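A single chain, nothing else alongside it, follows as structure tokens in the form predicted alone.
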Amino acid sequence: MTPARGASAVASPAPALWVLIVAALLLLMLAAAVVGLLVQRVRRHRHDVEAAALAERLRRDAHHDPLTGLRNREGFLHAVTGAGGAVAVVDLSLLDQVNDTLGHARGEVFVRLATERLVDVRLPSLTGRELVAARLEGDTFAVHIPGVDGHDAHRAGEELRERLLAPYVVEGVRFEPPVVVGIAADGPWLADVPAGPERTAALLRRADVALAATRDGVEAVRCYEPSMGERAARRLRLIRGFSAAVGRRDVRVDFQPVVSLGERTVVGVEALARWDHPELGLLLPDEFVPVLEATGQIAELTTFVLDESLAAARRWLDRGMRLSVAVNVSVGNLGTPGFPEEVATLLAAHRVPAELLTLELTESGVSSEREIALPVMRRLHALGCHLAVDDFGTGQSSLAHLRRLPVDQVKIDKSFVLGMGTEYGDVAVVRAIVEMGHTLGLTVVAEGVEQAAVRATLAEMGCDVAQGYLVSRPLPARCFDSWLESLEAHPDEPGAAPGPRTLIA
């Protein structure tokens, strides 16, 4: 039995060996824990780095425009905070035209080209000072002009515009941007605005107001004046109230007669919109039409005037009077591809022959947007409508330019006609326009005839028709109908087929 006990004692490990085994296991566990901690720390560090990079990217995206890389409105406000100087809002007014002509992808190319040009701008009057640029929307940009007062800001705005005016060539098509700039400079009027982003935001809002003031066509660069705020508020009331005013019939159409100078017979009318505003009083087109054009509401006004005018033409036809109606059309209407179809639908609805409708476009509008206007003008002319160039003599049309347009009439701007009684130069201008129009086979219309002597001179020149206060002011529809009834009616020639009455004015 003793040997068996001895064998068991030999097989059992020594206590020291167990100690070594346990120590080794503890070391392995400790090493694994350390490695785990190191891995966790590395992962945490990588996560922190990635989170910081993501946060930075999100901050950048929140403050930058994704298409151009420029700052956006929010980024601009933070970048310019406390910098003083002035803020300019620059509108190239070309993106819609590029999109309509070449598509939105090419429109983005144009925006990038404009951005490159804006980033590279160095203004002579600001040597050594850097501009901060941002894209607000479309092809409208904001630029911070440091260290300038109102006078220097206006000069810097003019320099900025000059460097952005050069034509853009996209896909071989040449576009000329009608750049306009609105500027607001830091000054006493900001005394109540706290420093920081709020002050920059106030400058930006005022620059937007000044930009809106450029749309009157008088100046392409305007600096903010406190009085502009009142005009901006008035514009906003017109924008918000127009559609409701049409529905309430606060907007109406007046008619001014057009008379042939040879026979002095009434041959037609011009339709003129009027807005009886409940608070602002009677508004003429010069005030509200530019607002509607800027906001895209001009299509609603044009449709309303066309509908009213053709209804009146139908009414006169039913009473035996064949009078043409002339309706003013905005270049914005010609930018709508479906406009000719709308005109055709209204003509058919009122059963009015197309030749009794004349659509008038301003000379400056046709000249500046010829590529857009010309195709639509041709389609309207193909319907049988007459087309007229309004306010002729104030724009840049040449004889060759006018010859390429599908027009039937040219209307001499009333500023020349009104001056015929006192200015020999105006008489010469009117005579030249009459002769040029007849050379092209066009009917020549004189606007603003207020004196019998002027009417006699126009008749002697061979001018075809005239309108103005000498014949009649624009009249509401009912008053105009009464005026027509008061005129002497020429009976038809004996034996001739029955036809419309000839009215002597």
Ligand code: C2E
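One-based numbering along the sequence shown. Note that the structure is predicted; figures quoted are calculated from it, not measured.
What comes next is about the form predicted in complex with the ligand, which does not appear here.
- With respect to the ligand in the model of the complex, the three residues 273, 298 and 328 uniformly fall within 4.5 angstroms at the level of their nearest heavy atom.
- Taking 178, 138, 147, 285 one by one, only a single residue has any non-hydrogen atom within 4.5 Å of the ligand in the model of the complex, and it is 285.
- When the ligand is considered in the model of the complex, only one residue from 266, 343, 407, 305 comes within 4.5 Å through any heavy atom, namely 305.
- In short, of 63-71, 34-42, 465-473, 432-440 it is 465-473 that has heavy atoms within 4.5 Å of the ligand in the model of the complex.
- Of the heavy atoms in residue 444, none are within 4.5 Å of the ligand in the model of the complex.
- Within this chain, residue 454 is remote from the site of the ligand in the model of the complex, having no heavy atom within 4.5 Å.
- Contact annotation: residue 418 falls within 4.5 Å of the ligand in the model of the complex, judged by heavy atom distances.
- Contact annotation: residue 256 falls within 4.5 Å of the ligand in the model of the complex, judged by heavy atom distances.
- Residues of 441-458 placing a heavy atom within 4.5 Å of the ligand in the model of the complex, in sequence order: 447, 448, 449, 450.
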